[in-house]
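Read the single chain below, which is given as structure tokens and is the form predicted alone.
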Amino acid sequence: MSTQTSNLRPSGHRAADFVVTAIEGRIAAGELADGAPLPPERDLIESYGVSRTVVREAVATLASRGLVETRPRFRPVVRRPGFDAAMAAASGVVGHLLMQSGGVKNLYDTRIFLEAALVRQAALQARKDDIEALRRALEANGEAIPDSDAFYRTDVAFHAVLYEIPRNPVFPAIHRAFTGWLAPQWTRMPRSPERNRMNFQRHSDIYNAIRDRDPDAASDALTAHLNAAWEYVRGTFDEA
């Protein structure tokens, strides 16, 4: 890019905003490819006619929007816009909201509402391969009962299948976001093989209702499962 680019910056716009907009455009156009590192900092300084401080502010903004991935001592890496990027961009705001009174419960209730709809849809429309994927996830969950860390991972994987069934890329991205946002509370929850066995049974109820094509039973089983989980986890943090 020409060093004359800086002359095109609209008067009155913050320099960092200009750099962010310019780099966003290059990412959207494919000029900066997904997975490729950003140009070196000194090249960005020269290309846009700005200071090192401005470039670093712009990169931080791009990272907050999920458009670049930053790591200490490495050049930022481009991430093309997608639903995961959109969820990542919201993480900072969600983190603040979760710190407010009732914030975790509000997010968790949103998860219940969405998953209840997903299991109803699954009971009505899931394909044979979807039900088989759910069966395999349930089987792995059952095998992990003695190991609470493995059980947590397979618990997440079981619910992830529910988000995959509609074949809409928005839902898996939402699930990954929910998992990340709620993980600080869920990983602090006391665990035991007995508790794992209870959760596995509730997963089995959800699976059986979907397999039997009973949307009401599926929704009821999912809601009962997540409501019970909430009652168990709420005592691990300050939440109404």
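This is a predicted model, so every value here is computed, not measured. Residues carry their position along the shown sequence, with the first being 1. Take the two forms, superpose them, and find the largest set of C-alpha atoms that agree within 1.5 Å; that set is the rigid core.
The same protein also exists as the form predicted together with a further copy of the same chain; that form is not shown, yet it is the one meant from here on.
- Message: Quick check on this chain: which one of Arg176, Arg211, Arg197, Arg65 has a heavy atom within 4.5 Å of a further copy of the same chain in the model of the complex?
- Response: For this set of options, the contacting one is Arg65.
- Let me know the one among Leu97, Ala150, Val77, Val156 whose heavy atoms come within 4.5 Å of a further copy of the same chain in the model of the complex, would you? It is Leu97 that has a heavy atom within 4.5 Å of the partner.
- Message: Against a further copy of the same chain in the model of the complex, would Glu164 count as a contact residue? Criterion: heavy atoms within 4.5 Å.
- Response: Residue-level check for Glu164: no, no contact with a further copy of the same chain.
- Message: Test of understanding: in the model of the complex, would Tyr207 fall inside 4.5 Å of a further copy of the same chain by heavy atoms?
- Response: Although a further copy of the same chain is absent here, Tyr207 would stay clear of it in the model of the complex, with no heavy atoms inside 4.5 Å.
- Tell me, yes or no, whether Pro81 is in contact with a further copy of the same chain in the model of the complex, where a contact means a heavy atom of each within 4.5 Å. Looking in the model of the complex, residue contacts with a further copy of the same chain include Pro81, since a heavy atom lies within 4.5 Å.
- At the 4.5 Å heavy atom threshold, is Met189 in contact with a further copy of the same chain in the model of the complex? No, Met189 sits far enough from a further copy of the same chain in the model of the complex that none of its heavy atoms falls within 4.5 Å.
- Message: Going through 46-77, which residues have a heavy atom within 4.5 Å of a further copy of the same chain in the model of the complex? Please give them in sequence order.
- Response: The stretch 46-77, when checked against a further copy of the same chain in the model of the complex, contributes Arg56, Glu57, Ala60, Ser64, Arg65, Leu67, Thr70, Arg71, Pro72 at the 4.5 Å heavy-atom cut-off.
- Query: On a core-based superposition, does Arg71 travel 2 Å or more at its Cα between the shown form and the other one?
  - Reply: Moves: yes, 2 Å or greater.
- Item | Asp220 C-alpha moves between the shown form and the other one by 2 Å or more, core aligned | No: Asp220 shifts by under 2 Å between the shown form and the other one.
- Item | Arg26: Cα shift of 2 Å or greater between the shown form and the other one (core-aligned) | Yes; Arg26 is a residue whose C-alpha shifts (by 2 Å or more) between the shown form and the other one when the cores are overlaid.
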